[in-house]
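In the block that follows, a single chain appears as C-alpha coordinates, in the form predicted on its own.
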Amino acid sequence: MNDLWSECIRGLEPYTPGEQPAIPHLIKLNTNENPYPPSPVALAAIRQAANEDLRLYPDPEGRELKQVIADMHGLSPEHVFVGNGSDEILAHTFLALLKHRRPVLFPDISYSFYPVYCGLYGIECSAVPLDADLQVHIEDYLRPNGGVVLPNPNAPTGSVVGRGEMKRLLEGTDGSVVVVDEAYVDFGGETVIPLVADFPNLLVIQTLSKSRSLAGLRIGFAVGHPSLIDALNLVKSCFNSYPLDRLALKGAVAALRDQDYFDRTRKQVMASREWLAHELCSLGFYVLPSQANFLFARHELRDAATLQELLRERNILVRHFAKPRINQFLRISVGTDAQCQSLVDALREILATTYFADAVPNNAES
(Lines give C-alpha, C1' and ligand atoms only; values in the text may rest on other atoms or scores of the structure.)
Protein backbone atom coordinates (compact mmCIF):
# COMPACT_ATOMS: atom_id res chain seq x y z
CA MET A 1 0.00 0.00 0.00
CA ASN A 2 3.04 2.30 -0.17
CA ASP A 3 1.60 3.76 -3.36
CA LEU A 4 -0.81 5.72 -1.13
CA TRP A 5 2.03 7.45 0.72
CA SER A 6 2.78 11.13 0.17
CA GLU A 7 5.77 11.49 -2.11
CA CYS A 8 7.61 13.67 0.40
CA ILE A 9 8.00 10.87 2.98
CA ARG A 10 9.38 8.26 0.62
CA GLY A 11 12.98 7.58 1.50
CA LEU A 12 12.82 9.17 4.94
CA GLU A 13 14.98 7.50 7.59
CA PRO A 14 13.27 8.08 10.95
CA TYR A 15 14.99 8.48 14.29
CA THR A 16 15.43 5.21 16.19
CA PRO A 17 14.80 5.63 19.93
CA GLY A 18 16.52 3.56 22.55
CA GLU A 19 15.05 0.16 23.23
CA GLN A 20 12.27 0.05 25.85
CA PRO A 21 11.76 -3.68 26.52
CA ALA A 22 9.52 -5.13 29.23
CA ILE A 23 12.06 -7.44 30.86
CA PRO A 24 11.84 -8.27 34.59
CA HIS A 25 14.74 -7.12 36.79
CA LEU A 26 16.25 -5.10 33.95
CA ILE A 27 19.12 -2.67 34.52
CA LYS A 28 18.32 -0.08 31.89
CA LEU A 29 21.33 2.06 31.01
CA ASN A 30 20.55 2.71 27.34
CA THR A 31 18.29 5.78 27.14
CA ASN A 32 19.86 8.33 29.52
CA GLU A 33 16.88 8.37 31.85
CA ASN A 34 17.46 9.68 35.34
CA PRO A 35 17.86 6.78 37.80
CA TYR A 36 16.10 8.74 40.54
CA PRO A 37 12.36 9.43 40.77
CA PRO A 38 10.84 12.85 40.16
CA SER A 39 10.62 15.41 42.92
CA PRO A 40 8.02 14.36 45.52
CA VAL A 41 6.66 17.89 45.28
CA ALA A 42 6.16 17.41 41.54
CA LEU A 43 4.44 14.06 42.04
CA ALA A 44 2.09 15.63 44.59
CA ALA A 45 1.25 18.44 42.16
CA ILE A 46 0.49 15.93 39.41
CA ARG A 47 -1.79 13.92 41.68
CA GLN A 48 -3.60 17.08 42.73
CA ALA A 49 -4.07 18.09 39.07
CA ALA A 50 -5.67 14.70 38.27
CA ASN A 51 -9.17 15.94 39.05
CA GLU A 52 -12.42 16.82 37.31
CA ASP A 53 -10.73 19.74 35.52
CA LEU A 54 -9.20 17.22 33.12
CA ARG A 55 -12.42 17.63 31.13
CA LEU A 56 -11.15 21.12 30.24
CA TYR A 57 -8.39 21.96 27.80
CA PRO A 58 -5.10 23.06 29.37
CA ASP A 59 -3.67 26.55 29.05
CA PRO A 60 -2.47 26.66 25.41
CA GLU A 61 0.23 29.18 26.32
CA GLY A 62 1.51 27.48 29.47
CA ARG A 63 1.69 30.90 31.10
CA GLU A 64 2.50 29.80 34.64
CA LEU A 65 5.30 27.54 33.44
CA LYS A 66 6.71 30.28 31.19
CA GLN A 67 6.72 32.70 34.11
CA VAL A 68 8.61 30.26 36.34
CA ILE A 69 11.25 29.68 33.64
CA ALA A 70 11.54 33.40 32.92
CA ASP A 71 11.98 34.20 36.61
CA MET A 72 14.74 31.60 36.91
CA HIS A 73 16.77 33.38 34.24
CA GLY A 74 15.86 37.03 34.80
CA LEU A 75 13.89 37.28 31.56
CA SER A 76 10.28 37.90 30.55
CA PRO A 77 7.76 35.21 29.56
CA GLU A 78 8.02 36.55 26.01
CA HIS A 79 11.50 35.01 25.90
CA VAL A 80 10.14 31.51 26.65
CA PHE A 81 8.48 28.79 24.56
CA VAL A 82 7.17 25.53 26.03
CA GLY A 83 6.40 22.32 24.18
CA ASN A 84 5.88 18.58 24.26
CA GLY A 85 9.46 17.64 25.01
CA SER A 86 12.56 19.18 23.49
CA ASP A 87 12.15 16.95 20.42
CA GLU A 88 8.94 18.74 19.45
CA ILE A 89 10.58 22.11 20.05
CA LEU A 90 13.53 21.09 17.89
CA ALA A 91 11.11 20.04 15.14
CA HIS A 92 9.38 23.42 15.26
CA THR A 93 12.77 25.14 15.30
CA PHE A 94 14.03 23.43 12.16
CA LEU A 95 10.89 24.44 10.27
CA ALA A 96 10.48 27.95 11.71
CA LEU A 97 14.09 29.14 11.87
CA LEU A 98 16.47 26.89 9.94
CA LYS A 99 14.99 26.39 6.48
CA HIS A 100 17.08 28.71 4.33
CA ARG A 101 19.16 28.55 1.15
CA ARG A 102 22.38 27.78 2.95
CA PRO A 103 22.92 24.50 4.83
CA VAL A 104 22.35 24.00 8.54
CA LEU A 105 25.53 22.94 10.33
CA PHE A 106 25.73 20.40 13.14
CA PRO A 107 28.32 17.82 14.30
CA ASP A 108 28.68 14.62 12.33
CA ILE A 109 28.56 12.61 15.56
CA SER A 110 25.65 14.00 17.50
CA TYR A 111 21.93 13.63 18.18
CA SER A 112 20.65 11.68 15.18
CA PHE A 113 17.30 13.49 15.14
CA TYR A 114 18.94 16.55 13.52
CA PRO A 115 19.37 15.01 10.04
CA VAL A 116 15.91 13.43 10.39
CA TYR A 117 14.32 16.86 10.72
CA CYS A 118 16.29 18.07 7.73
CA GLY A 119 15.05 15.17 5.65
CA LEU A 120 11.46 15.66 6.80
CA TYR A 121 11.38 19.37 6.00
CA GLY A 122 13.64 19.36 2.96
CA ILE A 123 16.38 21.38 4.66
CA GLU A 124 19.89 21.31 3.28
CA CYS A 125 22.42 20.34 5.94
CA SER A 126 26.12 19.75 6.38
CA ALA A 127 27.55 17.51 9.10
CA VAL A 128 30.74 19.03 10.50
CA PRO A 129 33.28 16.40 11.55
CA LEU A 130 34.39 16.22 15.16
CA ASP A 131 38.14 16.04 15.58
CA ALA A 132 40.08 12.83 16.20
CA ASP A 133 39.27 13.10 19.91
CA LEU A 134 35.55 13.55 19.12
CA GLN A 135 35.53 17.21 20.17
CA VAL A 136 33.75 20.23 18.64
CA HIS A 137 35.84 23.11 17.32
CA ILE A 138 33.97 26.39 17.00
CA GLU A 139 36.12 27.66 14.12
CA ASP A 140 34.69 24.86 11.96
CA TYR A 141 31.29 26.59 12.17
CA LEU A 142 32.48 30.11 11.39
CA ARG A 143 31.46 29.98 7.75
CA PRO A 144 28.34 30.90 5.77
CA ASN A 145 25.39 28.80 6.94
CA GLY A 146 21.64 28.65 7.25
CA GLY A 147 21.92 28.06 11.00
CA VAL A 148 23.99 26.13 13.50
CA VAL A 149 22.74 23.42 15.88
CA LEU A 150 25.06 22.40 18.68
CA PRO A 151 24.13 20.04 21.50
CA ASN A 152 26.05 21.11 24.58
CA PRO A 153 26.97 18.73 26.15
CA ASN A 154 27.12 16.76 22.94
CA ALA A 155 25.40 13.40 22.66
CA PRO A 156 26.58 10.68 22.53
CA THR A 157 30.08 11.93 23.41
CA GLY A 158 29.28 13.97 26.55
CA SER A 159 31.79 16.70 25.65
CA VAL A 160 31.15 20.40 26.25
CA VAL A 161 31.96 23.75 24.67
CA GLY A 162 32.49 26.58 27.15
CA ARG A 163 30.38 29.72 27.24
CA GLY A 164 33.28 31.81 25.95
CA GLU A 165 33.59 29.67 22.84
CA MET A 166 29.83 29.77 22.33
CA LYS A 167 30.00 33.55 22.49
CA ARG A 168 32.68 33.50 19.80
CA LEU A 169 30.37 31.39 17.62
CA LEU A 170 27.48 33.82 18.12
CA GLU A 171 29.66 36.79 17.27
CA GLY A 172 30.75 35.06 14.06
CA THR A 173 27.28 33.98 12.91
CA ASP A 174 25.08 37.00 13.52
CA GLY A 175 23.26 36.45 10.22
CA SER A 176 21.73 33.10 11.18
CA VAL A 177 20.22 31.33 14.16
CA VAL A 178 22.40 29.39 16.58
CA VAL A 179 20.47 26.65 18.40
CA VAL A 180 22.10 25.26 21.53
CA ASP A 181 20.52 21.99 22.63
CA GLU A 182 21.14 21.79 26.38
CA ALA A 183 19.35 18.54 27.18
CA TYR A 184 22.18 17.45 29.50
CA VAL A 185 23.53 20.79 30.69
CA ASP A 186 22.55 20.30 34.34
CA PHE A 187 25.07 17.49 34.80
CA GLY A 188 28.16 19.70 34.56
CA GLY A 189 27.77 21.97 31.56
CA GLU A 190 27.42 25.75 31.49
CA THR A 191 24.18 27.12 30.12
CA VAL A 192 24.32 29.93 27.57
CA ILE A 193 20.90 31.30 28.50
CA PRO A 194 22.62 34.39 30.02
CA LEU A 195 23.77 35.27 26.47
CA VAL A 196 20.20 35.50 25.16
CA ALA A 197 19.92 39.15 26.21
CA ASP A 198 22.92 40.07 24.03
CA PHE A 199 22.40 37.84 21.01
CA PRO A 200 18.99 37.94 19.26
CA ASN A 201 20.05 34.99 17.07
CA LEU A 202 20.49 32.59 20.01
CA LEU A 203 17.89 29.94 20.87
CA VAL A 204 18.55 27.64 23.85
CA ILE A 205 16.50 24.45 24.23
CA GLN A 206 16.25 22.42 27.42
CA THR A 207 14.20 19.49 28.68
CA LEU A 208 12.84 18.27 32.00
CA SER A 209 13.30 14.65 30.89
CA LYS A 210 16.85 14.24 32.21
CA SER A 211 17.84 16.25 35.26
CA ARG A 212 14.24 16.67 36.48
CA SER A 213 13.33 12.97 36.00
CA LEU A 214 10.20 13.75 33.97
CA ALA A 215 10.83 11.88 30.72
CA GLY A 216 7.39 10.32 31.01
CA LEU A 217 5.63 13.70 30.97
CA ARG A 218 7.35 15.12 27.84
CA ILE A 219 8.19 18.70 28.79
CA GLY A 220 10.64 20.97 27.03
CA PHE A 221 11.25 24.68 26.72
CA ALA A 222 13.20 27.15 24.64
CA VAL A 223 14.62 30.52 25.60
CA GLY A 224 15.45 33.19 23.06
CA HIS A 225 14.69 36.63 21.70
CA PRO A 226 10.91 37.24 21.46
CA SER A 227 11.13 37.34 17.65
CA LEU A 228 12.44 33.76 17.64
CA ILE A 229 9.77 32.71 20.12
CA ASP A 230 7.10 34.30 17.90
CA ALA A 231 8.24 32.09 15.01
CA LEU A 232 7.98 28.98 17.19
CA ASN A 233 4.51 30.01 18.37
CA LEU A 234 3.40 30.46 14.78
CA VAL A 235 4.45 26.94 13.83
CA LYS A 236 3.05 25.49 17.06
CA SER A 237 -0.34 27.06 16.45
CA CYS A 238 -0.44 25.50 12.99
CA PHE A 239 0.31 22.10 14.45
CA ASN A 240 -1.00 21.64 18.01
CA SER A 241 -2.72 24.32 20.07
CA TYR A 242 -2.34 22.38 23.35
CA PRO A 243 1.11 20.73 23.40
CA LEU A 244 1.30 20.34 27.19
CA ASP A 245 -1.53 18.77 29.17
CA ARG A 246 -2.69 19.84 32.64
CA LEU A 247 -0.65 17.21 34.48
CA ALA A 248 2.54 18.10 32.62
CA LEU A 249 2.13 21.82 33.24
CA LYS A 250 1.58 21.41 36.99
CA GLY A 251 4.32 18.81 37.35
CA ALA A 252 6.81 20.98 35.47
CA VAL A 253 6.15 24.05 37.58
CA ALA A 254 6.55 22.08 40.82
CA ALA A 255 9.71 20.33 39.63
CA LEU A 256 11.38 23.58 38.63
CA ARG A 257 10.56 25.14 41.98
CA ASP A 258 12.01 22.23 43.97
CA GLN A 259 15.62 23.35 43.66
CA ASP A 260 16.90 21.38 46.66
CA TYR A 261 15.79 18.02 45.27
CA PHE A 262 17.11 18.93 41.82
CA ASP A 263 20.56 19.82 43.18
CA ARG A 264 20.75 16.71 45.37
CA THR A 265 19.88 14.19 42.66
CA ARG A 266 21.94 15.73 39.87
CA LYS A 267 25.00 15.85 42.11
CA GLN A 268 24.48 12.20 42.94
CA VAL A 269 24.40 11.35 39.23
CA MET A 270 27.58 13.34 38.67
CA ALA A 271 29.37 11.56 41.52
CA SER A 272 28.27 8.16 40.22
CA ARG A 273 29.47 9.12 36.73
CA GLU A 274 32.98 9.84 37.98
CA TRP A 275 33.11 6.57 39.94
CA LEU A 276 31.88 4.59 36.94
CA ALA A 277 34.39 6.25 34.60
CA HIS A 278 37.22 5.29 36.95
CA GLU A 279 36.02 1.68 37.19
CA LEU A 280 35.64 1.35 33.42
CA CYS A 281 39.16 2.66 32.89
CA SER A 282 40.45 0.06 35.34
CA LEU A 283 38.82 -2.62 33.15
CA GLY A 284 40.66 -1.47 30.03
CA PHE A 285 38.11 0.97 28.62
CA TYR A 286 38.92 4.31 27.06
CA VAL A 287 36.31 6.73 28.43
CA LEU A 288 35.66 10.17 26.99
CA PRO A 289 35.39 12.94 29.60
CA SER A 290 31.67 13.57 30.09
CA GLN A 291 29.57 16.40 31.49
CA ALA A 292 26.31 14.52 30.82
CA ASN A 293 24.47 11.69 32.61
CA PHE A 294 26.15 9.07 30.44
CA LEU A 295 29.60 7.87 29.43
CA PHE A 296 30.92 7.09 25.95
CA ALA A 297 33.48 4.32 26.19
CA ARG A 298 35.26 1.70 24.14
CA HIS A 299 37.34 -1.22 25.26
CA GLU A 300 40.88 -1.29 23.99
CA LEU A 301 40.63 -4.94 22.85
CA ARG A 302 36.98 -6.03 22.86
CA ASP A 303 34.27 -5.51 20.26
CA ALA A 304 31.54 -3.14 21.38
CA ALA A 305 28.60 -4.91 19.74
CA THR A 306 29.64 -8.20 21.35
CA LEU A 307 29.95 -6.54 24.75
CA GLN A 308 26.49 -5.03 24.35
CA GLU A 309 24.97 -8.42 23.57
CA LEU A 310 26.75 -10.16 26.44
CA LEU A 311 25.51 -7.48 28.83
CA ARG A 312 21.99 -7.88 27.47
CA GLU A 313 22.16 -11.60 28.26
CA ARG A 314 22.71 -10.49 31.85
CA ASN A 315 19.70 -8.14 31.75
CA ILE A 316 21.82 -4.98 31.42
CA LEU A 317 21.06 -2.66 28.52
CA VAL A 318 23.57 -0.18 27.09
CA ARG A 319 23.49 1.49 23.69
CA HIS A 320 25.66 0.77 20.66
CA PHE A 321 25.71 2.86 17.48
CA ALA A 322 26.78 0.92 14.40
CA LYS A 323 28.13 4.03 12.69
CA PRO A 324 31.51 5.01 11.24
CA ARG A 325 34.10 6.30 13.73
CA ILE A 326 32.06 5.27 16.80
CA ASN A 327 31.12 1.65 16.17
CA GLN A 328 33.51 0.47 18.89
CA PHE A 329 31.95 2.72 21.53
CA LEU A 330 29.16 2.02 23.98
CA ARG A 331 27.01 4.79 25.43
CA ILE A 332 26.30 3.94 29.05
CA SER A 333 23.71 5.88 31.04
CA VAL A 334 24.63 6.56 34.65
CA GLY A 335 22.38 4.55 36.96
CA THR A 336 22.15 4.31 40.71
CA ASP A 337 25.28 3.28 42.56
CA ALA A 338 23.91 -0.26 42.80
CA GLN A 339 23.19 -0.38 39.06
CA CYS A 340 26.64 0.96 38.23
CA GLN A 341 28.21 -1.66 40.48
CA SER A 342 26.20 -4.41 38.77
CA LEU A 343 27.41 -3.18 35.38
CA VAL A 344 31.04 -3.17 36.49
CA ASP A 345 30.71 -6.64 38.02
CA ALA A 346 29.14 -7.99 34.82
CA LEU A 347 31.85 -6.46 32.64
CA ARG A 348 34.57 -7.83 34.89
CA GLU A 349 33.06 -11.31 34.58
CA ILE A 350 32.62 -11.00 30.81
CA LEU A 351 36.16 -9.79 30.22
CA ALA A 352 37.62 -12.51 32.44
CA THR A 353 35.64 -15.50 31.20
CA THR A 354 34.49 -14.83 27.62
CA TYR A 355 36.50 -15.61 24.51
CA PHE A 356 36.22 -12.81 21.95
CA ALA A 357 36.76 -14.10 18.44
CA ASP A 358 36.12 -10.58 17.13
CA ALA A 359 38.50 -8.64 19.36
CA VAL A 360 39.47 -5.30 17.86
CA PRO A 361 42.97 -3.88 17.50
CA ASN A 362 44.26 -1.62 20.24
CA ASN A 363 42.93 1.98 19.92
CA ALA A 364 40.69 1.02 16.98
CA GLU A 365 37.94 3.50 16.18
CA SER A 366 36.20 1.70 13.33
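Quantities reported herein were computed from a predicted structural model and do not represent experimental measurements. The numbering used is simple: start at 1 and walk along the sequence shown.
Below: the form predicted in complex with a further copy of the same chain, not depicted.
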Quiz item: Of the options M270, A127, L142, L234, which one has a non-hydrogen atom that comes within 4.5 Å of a further copy of the same chain in the predicted complex?
Solution: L234
Quiz prompt | The single option of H73, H100, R168, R257 touching a further copy of the same chain in the predicted complex, heavy atom within 4.5 Å | solution = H100
Quiz prompt | Complete contact of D133, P194 and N315 with a further copy of the same chain in the predicted complex (any heavy atom, 4.5 Å) | solution = no
Quiz item: Counting only non-hydrogen atoms, which stretch in 262-270, 281-289, 133-141, 109-117 is within 4.5 Å of a further copy of the same chain in the predicted complex?
Solution: 109-117
Quiz item: Is there a heavy atom of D87 no more than 4.5 Å from a heavy atom of a further copy of the same chain in the predicted complex?
Solution: yes
Quiz item: Going by a heavy atom distance of 4.5 Å, is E33 a contact of a further copy of the same chain in the predicted complex?
Solution: yes
Quiz item: For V41, is any heavy atom within 4.5 Å of a further copy of the same chain in the predicted complex, or not?
Solution: no
Practice problem: Would you please decide whether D230 lies within 4.5 angstroms of a further copy of the same chain in the predicted complex, comparing each non-hydrogen atom pair? | Solution: yes
Practice problem: May I ask you to list the residues of 199-222 that have any heavy atom within 4.5 angstroms of a further copy of the same chain in the predicted complex, in sequence order? | Solution: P200, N201, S209, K210, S213, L214, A215, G216, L217, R218
